[in-house]
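Take a look at this single chain in structure tokens; it is the form predicted alone.
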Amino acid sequence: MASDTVYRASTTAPVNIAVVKYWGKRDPKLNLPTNSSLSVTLSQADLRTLTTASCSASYPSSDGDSLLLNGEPSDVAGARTQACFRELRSRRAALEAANPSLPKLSAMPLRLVSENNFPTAAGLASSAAGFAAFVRAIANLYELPASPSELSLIARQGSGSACRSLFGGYVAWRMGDKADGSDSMADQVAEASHWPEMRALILVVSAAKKGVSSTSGMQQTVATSGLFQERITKVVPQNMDLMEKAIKEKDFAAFAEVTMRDSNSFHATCADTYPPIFYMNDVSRAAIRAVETINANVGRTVAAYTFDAGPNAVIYYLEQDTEAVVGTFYHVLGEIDGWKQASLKGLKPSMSLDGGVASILKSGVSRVIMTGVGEGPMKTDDFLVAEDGSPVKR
């Protein structure tokens, strides 16, 4: 029977790590940022969210919409999630009104099942991948004709940085200046294929949930940091211009300098918040010293650190400099999980880190993730909801 039909669509979506950071909101309700930002989309082979969106007239309307995340029920009653549901349903309802032969999917309860292949809420941009997959999966289910930029307007309302995860490669989120947020969206600066040699080594310092959430941290910074105005009016606009130029020209030295300076600037405003916010710790600082040592020993900039709202170090480098960068860290952290053995063949550590730095890294890094620049969301036939509407056991 048609009423028993379970409609399904699955997508994967990537993590992105900003090299020019988003921090601060000019409109918290609409998730409008105080500054533009720019990120690198990372490979989904290593970091991705898989989400299946389904709907059916057979789903009890009393149950409402639901989300199962990593096997656990997740709350969908929050204003951000509801804003995404509303916008997607509205677009589907418009299609149904224009074509009465379409099934009335917009009136059916939604069941979403989602899983990450990385720790959630640990400073690894899980909300970016999560909301990008959430929005893209429902858009696919509803067969919406929206472009990634249009969908980024919706994903942004769920999680600001999620708008960048709707594209692969190198992605800018333009802050916009309209009060309704209609011009605050993402666009692609360059495809992954433009600069495919970009790599990232992530040192996972703590898989525990962070102490101060990004949302509350931003509000505190906007309200109390004296450095913040300088950052949003001068530092970030300049960094955006320099970063776009560096990416277009594939100038790693310039890319690296802007990446590290912007990370430092962001964390300086966090420290300038009252009371201060410290997302980085001793292990994070040891990673910075290690990067400085590598660059000094090579005699040019081959590695760039950046830290989001958490202690994990993301270290960008080019494939041709794998030996200098990965070789040095592997020499210290070789016993930790996550290394890709195929990438390590023949690597010789060309330098040693300071004993104190090496000791802190050894005791504080729990795993590594080796990855690189990658593509945007991908449609898949890997379903987390069975044809009868039940969650697939994996």
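Start at 1 with the first residue shown and count on from there. If you're wondering where the values come from, they're calculated on a predicted model, not measured in any experiment.
One more form of this protein exists, namely the form predicted in complex with a further copy of the same chain; it is left out here, but the text below deals with it.
- When contacts are judged by a 4.5 Å heavy atom cut-off, residue 231 counts as touching a further copy of the same chain in the model of the complex.
- Mapping the unseen interface onto this chain, residue 323 falls outside it, with no heavy atom inside 4.5 Å of a further copy of the same chain in the model of the complex.
- Although the partner is absent from this view, residue 277 contacts a further copy of the same chain in the model of the complex, with a non-hydrogen atom inside 4.5 angstroms.
- Looking at residue 172, you'd find every heavy atom of it more than 4.5 angstroms from a further copy of the same chain in the model of the complex.
- Only one of 244, 251, 257, 187 lies close to a further copy of the same chain in the model of the complex, with a heavy atom inside 4.5 Å, and it is 257.
- The single contact residue among 90, 82, 216, 264, judged by any heavy atom lying within 4.5 Å of a further copy of the same chain in the model of the complex, is 264.
- In plain terms, the part of the chain that comes close to a further copy of the same chain in the model of the complex, with a heavy atom within 4.5 Å, is 266 to 274 out of 138 to 146, 160 to 168, 266 to 274, 309 to 317.
- In the model of the complex, a further copy of the same chain lies within 4.5 angstroms of at least one heavy atom of each of the following residues of 211 to 236: 224, 226, 227, 230, 231, 235, in sequence order.
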